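Listed next as structure tokens is one chain, alone, in the form predicted on its own.
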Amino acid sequence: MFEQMQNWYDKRHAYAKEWKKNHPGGKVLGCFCTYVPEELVYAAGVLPVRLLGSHEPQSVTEPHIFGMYCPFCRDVLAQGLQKRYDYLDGITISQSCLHIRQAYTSWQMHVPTGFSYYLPMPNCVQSPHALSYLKGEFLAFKNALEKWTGNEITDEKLRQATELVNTNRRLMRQVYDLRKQDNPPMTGLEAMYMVVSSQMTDKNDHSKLLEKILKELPGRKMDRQTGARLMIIGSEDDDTAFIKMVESVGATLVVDDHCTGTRQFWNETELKGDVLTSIAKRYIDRPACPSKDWPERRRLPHILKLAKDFNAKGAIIIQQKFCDPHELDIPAIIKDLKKNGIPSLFLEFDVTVPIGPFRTRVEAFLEMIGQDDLF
């Protein structure tokens, strides 16, 4: 059922090249962050593709980016330097953290791409000025896309693109709702393939497959025990080998909070009045990256609500090594989960996942949860 989504994920470069072949004159835009407004990109007739790493050791980024920057950012840059994304017509980033911005800047300098655009994004999204500021930046981005593609982005095109993206978000929320069941009809690994593949495929293709899945999923019977219901929280995570390992030792990941998961699609754009303002409001209001969760910590009640809604009995909290925003965020999350009776396990990730040591720690965590259930 989810094999096609796994195939899209595994063969993302082949998919993009085939898309270009089937869309003469079509352009592909590499996006370094999920705060890039997909609605504007689709309205310009461009395919947005999330830039991700390969989870393989590399030695090509040392001259270009600090070794103490997060391994995800270095891995992403390596993919550009190694020409894995040679089909891109442009790259863009919406400001999130210093590390990924450095990866973008180095890519811009050393990888021939053509169009590049740095989109300022207010880190203080809670400011009363954030919305008007972001609308202005989205307008500048819209103008740049029009100049690059030669396609005028009308309000009608923006509305159509918004409905396209909203439909995909809505369908994924419906799939996630089925994970609330006592025996979810899908695994966390399948959910990961679903969400990450949505960030690198045409939303038309992805939504059509989601509609088919939603027809079949309610009657699906799994040939495995659900085991411990876990939530995963933290940095960017498309570490499929890790997710597969966790679910092989007596657990099911039933929900997540990371940018290759729910944070990317959880809320829709509500079209009210001015279209560009509506889109900007969606990115202001979306579940926040920790770099934008201040001065009030709004992530904590959101994470706790997810845990309760999906009946998570424990949480695995991950951090890409050297990730400053998440490192500052994690102590408060652990404290809040513990206060609400949800035990957690913290793990620090690098580019390649050391499955052996992680497996031992996950098994010990599951054993602890099982013992707690006895009392």
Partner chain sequence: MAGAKYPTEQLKCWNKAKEIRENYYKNYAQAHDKGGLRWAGGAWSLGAIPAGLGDDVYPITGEPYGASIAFNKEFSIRCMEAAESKGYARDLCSYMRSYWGSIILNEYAFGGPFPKPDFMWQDHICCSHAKWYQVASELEGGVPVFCIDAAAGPYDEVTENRINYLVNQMHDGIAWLEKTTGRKYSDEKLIEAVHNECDATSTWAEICALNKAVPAPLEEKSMYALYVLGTLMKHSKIVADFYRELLDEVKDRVKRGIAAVPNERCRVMSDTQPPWGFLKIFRYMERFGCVSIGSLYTFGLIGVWEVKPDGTWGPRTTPRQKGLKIENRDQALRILADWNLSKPEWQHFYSPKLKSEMMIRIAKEWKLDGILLHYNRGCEGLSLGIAENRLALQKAGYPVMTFEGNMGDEREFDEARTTARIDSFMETLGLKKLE
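Since the structure is predicted, the reported quantities are computational estimates derived from the model, not experimental observations. Residue numbers count along the first chain shown, from 1.
The next section is about a form of this same protein that is not shown, the form predicted in complex with the partner chain.
For the options Lys27, His64, His55, Lys313, the one in contact with the partner chain in the predicted bound form, meaning a heavy atom within 4.5 Å, is His64. The partner is absent here, but in the predicted bound form a heavy atom of Met109, alone among Leu214, Met109, Met222, Ala241, sits within 4.5 Å of the partner chain. Contact check for Glu296: a heavy atom falls within 4.5 Å of the partner chain in the predicted bound form. Though the partner is left out of this view, Tyr42 does not reach within 4.5 Å of the partner chain in the predicted bound form, counting heavy atoms only. Using a 4.5 angstroms limit between non-hydrogen atoms, Arg101 touches the partner chain in the predicted bound form. Contact annotation: Gln174 falls outside 4.5 Å of the partner chain in the predicted bound form, judged by heavy atom distances. Per the 4.5 Å heavy atom criterion, the partner chain in the predicted bound form is contacted by stretch 286-294, the sole one of 286-294, 161-169, 269-277, 206-214. Taken together, the three residues Gln95, Asp324 and Leu328 all lie with some non-hydrogen atom within 4.5 angstroms of the partner chain in the predicted bound form. Counting a residue when any of its non-hydrogen atoms is within 4.5 Å of the partner chain in the predicted bound form, the hits in 112-144 run Tyr118, Pro120, Pro122, Asn123, Cys124, Ser127, Pro128, His129, Ala130, Ser132, Tyr133, Gly136, Glu137.
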